[in-house]
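So this first bit is one chain, no partners, the form predicted alone, shown in structure tokens.
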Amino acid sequence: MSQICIRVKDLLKTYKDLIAVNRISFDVRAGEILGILGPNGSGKTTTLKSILGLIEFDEGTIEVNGVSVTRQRKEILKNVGAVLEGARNIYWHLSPRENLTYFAGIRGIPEKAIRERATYLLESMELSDVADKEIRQFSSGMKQKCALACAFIFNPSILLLDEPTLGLDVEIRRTIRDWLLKVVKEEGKTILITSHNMDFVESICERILIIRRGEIISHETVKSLKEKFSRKHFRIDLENEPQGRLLDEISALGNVSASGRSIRIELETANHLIPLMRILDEAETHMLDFRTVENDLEDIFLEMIREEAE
């Protein structure tokens, strides 16, 4: 078992009458990528900022590598990098190389080491071709890669990432995912990451926390969650979009969600397909595609959030 590098115990943070984080406790093991999922306003960002010592929490303790955040914040920040609130932690009127040089310089890194480290990060994040252009000219994905590079310039052992793939296209998400997996595997980094992108989280995290209204409602591996909530459903693409009476009749057979001409329906048994086919035939609506799909992480997340709300 890997050692604990982040320990959060009974963390409580309130804003007047609002409880942002309600006495949560969890550990992050060295060398892992731990995901935190939750709706907007659930307390994810507050938790990360508390670990960084950016906000004062009301009660509880946070330790990073055995050091108290409230007592020795400067010591903690020597080993922790962060990307919060998109790419707003970098200077857009500077180039990627200038940003890296600046952030390395304030950390006291020697000039030669800065050049070597900057070159490595620019190549790793596929930024070499634009290393000397102003960041304000870049797309949001390119800016995000620059922010990640700057967070890593002083080679921290721990990285905290708040929504690192928000608004990014598939290609850049894949680049970031592959790079994060690489630094964890090859350099033993530890990463705590919040995200709304379930596919990204599932592809990069072994364990996840699910937070709702400031409370942890699940703390398991992705594998155990999928085993616990394993449920098959049918996905059907129709010739016409189901509406009105047709949609009501289909919904009477099982739990249904519809998006355009595609419907997802959970049936207790495959025998219930017979009345479904009859309904579609009587409505003169033909199937274009039919497949069986198991619940993915997004299905599980939405089900858990819905159950907690009830």
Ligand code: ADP
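Residue positions are given as counts along the sequence shown, with the first one as 1. Predicted model only: the values in this text are computed from it and were never measured.
FYI, the form predicted together with the named molecule isn't displayed, but the following is about it.
Note on contacts: among 31, 275, 60, 41, the single residue with a heavy atom within 4.5 Å of the named molecule in the predicted complex is 41. Across the options 245 to 253, 66 to 74, 33 to 41, 279 to 287, residues that bring heavy atoms within 4.5 Å of the named molecule in the predicted complex belong to 33 to 41. In the predicted complex, the named molecule sits within 4.5 Å of a heavy atom belonging to residue 46. Interface membership of residue 11, defined by any non-hydrogen atom within 4.5 Å of the named molecule in the predicted complex, is ruled out.
The named molecule in the predicted complex is approached by residue 20, whose closest heavy atom lies within 4.5 angstroms of it.
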